[in-house]
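Quick setup: one chain, the form predicted on its own, written in structure tokens, and binding and motion questions come after.
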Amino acid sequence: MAGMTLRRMRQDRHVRALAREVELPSDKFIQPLFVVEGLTARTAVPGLAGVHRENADSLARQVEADVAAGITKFLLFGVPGDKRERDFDASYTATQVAALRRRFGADIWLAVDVCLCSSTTHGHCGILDDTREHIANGATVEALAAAAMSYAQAGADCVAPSDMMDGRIGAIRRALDVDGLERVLVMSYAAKFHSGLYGPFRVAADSTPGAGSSLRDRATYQIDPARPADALASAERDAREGADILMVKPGLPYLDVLASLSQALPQPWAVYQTSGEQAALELLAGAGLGDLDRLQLETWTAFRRAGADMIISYAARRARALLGA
């Protein structure tokens, strides 16, 4: 019996690097950003080290520091101060997009989240119908398309609808194309699950659902964790409607979904390592129960192994330090 035929390829760091099948280039990472109307100074997001709710000035300084450190790809979440039921005003976020584009030009790639949860009085991702027990799909899609247009016209490279309404990808793609904005990408949260791993985000984006409505959670529009077939149907539809990039969110509990979808649909795939996932890693490390760098690299490798072409992570600005240029 020939001994150690497998372990010979594990015996030192040099041969392990040579034999590695899954690579983690640092340019595959996207850093989320939050900008909040009315803040006098940036505030830390609970559970997420180094992540803040920014105002316009601190946002520009943060992006400037990121660019100097080689981080160039961002996903922006705008949080307006004026909460409404309908007739939403996207100008605050659009103004931040325009300011970043003027200041940084082509040095950054800027995606902008498209949703209504940070704009509504009730924290849901759309317009409530008259019963206040359901999201009105058609009216919500119209509002989402209008917001996406505002961000694209302001200079976004990509708009990223996260609401999970039916038909929103097609509506946004048509609106962009009619307005001559056919170069703007659409990144769909195609398989966004009704998860318990969004906690710190909802603090950052001021988007906890349920106030003033009997609709207490997002189960009627986000995908049931026990319905992977629904994720496939959603992703197939969004691809047909013109999504350039498809996304699975959260990441770790849905690696099987990411693996199957990325095999079934040969398009660029993103995975979103949610705020709850990131906070869990940081809590483990903070309690002395794990090494944060190792945990970060292991989870990112799992995402790439499952088929992700790009990774949205709250720790993306650490990727170059962990991985090298």
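If you're wondering where the values come from, they're calculated on a predicted model, not measured in any experiment. Counting begins at 1, following the sequence as shown.
Quick note: we don't show the form predicted in complex with a small molecule, though the next part is all about it.
Undergrad: Though only this chain appears here, would Tyr254 touch the small molecule in the predicted bound form if you measure heavy atom gaps against 4.5 Å?
TA: No - in the predicted bound form, heavy atoms of Tyr254 and the small molecule never come within 4.5 Å of each other.
Undergrad: Although the partner isn't part of this model, could you tell me whether Ser275 comes within 4.5 Å of the small molecule in the predicted bound form, counting any heavy atom of the residue?
TA: Output for Ser275 is yes: heavy atoms within 4.5 Å of the small molecule.
Undergrad: Hey, in the predicted bound form, does Arg173 get a heavy atom within 4.5 angstroms of the small molecule?
TA: Judged by the heavy-atom cut-off of 4.5 Å, Arg173 is well away from the small molecule in the predicted bound form.
Undergrad: Answer for Arg202 alone: is it within 4.5 Å of the small molecule in the predicted bound form, judged on heavy atom distances?
TA: Yes, Arg202 lies within 4.5 Å of the small molecule in the predicted bound form.
Undergrad: Counting only non-hydrogen atoms, choose the one of 86-94, 216-224, 146-154, 165-173 that falls within 4.5 Å of the small molecule in the predicted bound form.
TA: It is the stretch 216-224.
Undergrad: Answer with one of Leu128, Val141, Leu197, Ala111: the residue that has a non-hydrogen atom within 4.5 Å of the small molecule in the predicted bound form.
TA: Contact check passes for Leu197.
Undergrad: Ok, Val184, Leu76, Ile135, Cys117: which has a heavy atom sitting within 4.5 Å of the small molecule in the predicted bound form?
TA: Contact residue from the list: Cys117.
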